[in-house]
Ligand code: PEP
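Only one chain is included here, represented as structure tokens and corresponding to the form predicted alone.
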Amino acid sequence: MLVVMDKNATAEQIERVVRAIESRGYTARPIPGGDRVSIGILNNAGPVDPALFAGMPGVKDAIAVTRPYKLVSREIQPSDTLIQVGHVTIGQGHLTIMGGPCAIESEQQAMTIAEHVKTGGGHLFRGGAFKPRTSPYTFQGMGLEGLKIMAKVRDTFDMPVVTEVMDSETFDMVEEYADIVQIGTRNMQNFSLLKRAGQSRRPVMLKRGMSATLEEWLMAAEYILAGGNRNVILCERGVRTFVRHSRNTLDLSVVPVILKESHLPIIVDPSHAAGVRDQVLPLSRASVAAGAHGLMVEVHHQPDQALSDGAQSLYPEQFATLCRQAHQMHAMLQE
């Protein structure tokens, strides 16, 4: 349930409603809006009687929430969430492009690619310090040293950085160095990790699980918001199907549905969906046309020598083309 306060409601009246909710064993979550405060009621086992709160001073309305995901739903928050990361804004009206290698391999490699990402039109630098790999014998990332290299990239090129966290044990370390903490597809339903992300002071980018439904994805985001972190970015990266012409199937139909269902920004990762370089540009254009708020693509100046995912990494000149075409498409859609 959502208790909508009158725009002239006092702090005392809001607090009184919060106490009334909590006295019944529920959790109250105030949600500041444009001109009024709403209070979400969580942890209720069944329907809540609106009459319990509708007559209280300062209350405008009490509305039942029909979605299982509450805090991520537009029923709770109709307006779009905008996420500020340094000088970069992610969300409605903005097109944010993240680029960089799959894995940080060395300082020279990261700095070289970061310069290309910056000059090509990218806004954030992405790279993996900890790498979840199918085989235990492949490159697993540089760990802490990789995080330190990413911090140097941020300071040198004035680009916020995003990197993946693998587990709760290393969360503090990643949180210290990253501007956005990524939870990857394999960890989308790692609920202890989601709960830790809910306590984070950093924005969290939540990738869709490779076989996850839209509801499962949004419920995973709900874990993070329920923990108190409202800065969540959804990332579609393709789902596993029977096709063999690409690594995964990029589900662009989910973008307009997310825009309708949730106030959270959504970006697309066409690199991991495609798995091959020549599909990344057309899938990027299609993602922007579908209404995505941003893209995250892999870039490498020497992809044939990359320790991870070289076959899907764009050359720097291709990345520059992608940025130019994506911004042209986005500008056309804003008219």
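All residue numbers refer to positions in the sequence shown, first residue = 1. Treat the numbers as computed from the prediction; the structure is a model and nothing was measured.
The same protein also exists as the form predicted together with ligand PEP; that form is not shown, yet it is the one meant from here on.
Residues with any non-hydrogen atom within 4.5 angstroms of ligand PEP in the model of the complex fall in just one of 127-135, 82-90, 149-157, 252-260: 127-135. When ligand PEP is considered in the model of the complex, K207 lines it closely, a heavy atom lying within 4.5 Å. Residue contact check for H293: none of its heavy atoms lie within 4.5 Å of ligand PEP in the model of the complex.
In the model of the complex, K195 stays away from ligand PEP, with no heavy atom inside 4.5 Å. Contact annotation for R186: at least one heavy atom lies within 4.5 Å of ligand PEP in the model of the complex. The partner is absent here, but in the model of the complex a heavy atom of R237, alone among R237, R230, H116, H123, sits within 4.5 Å of ligand PEP.
Contacts of stretch 265-282 with ligand PEP in the model of the complex, defined by any heavy atom lying within 4.5 Å, are made by D269, H272, listed in sequence order.
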